[in-house]
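One chain comes next, on its own, written as structure tokens: the form predicted on its own.
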């Protein structure tokens, strides 16, 4: 039988950049995805398909593409004096969530001793990029978010649905509303 400390560490290791992003979008989606209901890959949702094509076709010349370790999957990175994480997104619709996902990657790299404090969000469809820095205040907010995610993952039932306009385009719409 697993003790409480081991169970807590197991939950921490399960937290991915996607879950951090979902935390800022919809905590119900976060819970469902973490429990294995990954409708992003099976729903046929047009936005999900567009995002997948974008990831496969953009920045193909970057030599450090699709880098992953533990639960972190970085679109690509560049390095010089320090490592710069780059994340590609389809639209800026959930930009705050994208920013925190990227900050989570920077935070995770720093915790592994990598000299990284910045990254770039790319929105190729809009020809836009956003420079991101991880500050000490961000670290505190991110650690609070990670604790909240941990608590959500320990719940037996998913949080209530949001009833937001963006729910209609979510891959989990049928699950939540039908």
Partner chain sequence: MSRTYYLFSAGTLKRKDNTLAFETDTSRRVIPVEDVDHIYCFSELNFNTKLLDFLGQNQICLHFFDYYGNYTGSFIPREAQLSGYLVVQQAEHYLDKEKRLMLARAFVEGAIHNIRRNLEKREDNETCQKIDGYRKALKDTTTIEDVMSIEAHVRKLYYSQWEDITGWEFGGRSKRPPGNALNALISFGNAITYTTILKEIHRTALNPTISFLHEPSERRFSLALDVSEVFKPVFVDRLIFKLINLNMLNKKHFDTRVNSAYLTEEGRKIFVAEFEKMMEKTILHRNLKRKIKYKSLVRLDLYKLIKHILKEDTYTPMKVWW
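Numbering follows the first chain given and starts at 1. Computed from a prediction, not measured in an experiment: that's the story for all the values here.
The next section is about a form of this same protein that is not shown, the form predicted together with its partner chain.
Checked against its partner chain in the predicted bound form, the candidates 28, 65, 122, 58 yield a single residue with a heavy atom inside 4.5 Å, and that residue is 28.
Using a 4.5 Å cutoff between non-hydrogen atoms, residue 163 does not count as a contact of its partner chain in the predicted bound form. When its partner chain is considered in the predicted bound form, residue 48 lies well away from it, no heavy atom lying within 4.5 Å. Heavy atoms of residue 126 never reach within 4.5 Å of its partner chain in the predicted bound form, leaving it off the interface. Residue contact check for residue 158: one or more of its heavy atoms lie within 4.5 Å of its partner chain in the predicted bound form.
Picking from 66-74, 132-140, 29-37, 113-121 the stretch near its partner chain in the predicted bound form, with a 4.5 Å limit on heavy atoms, gives 29-37.
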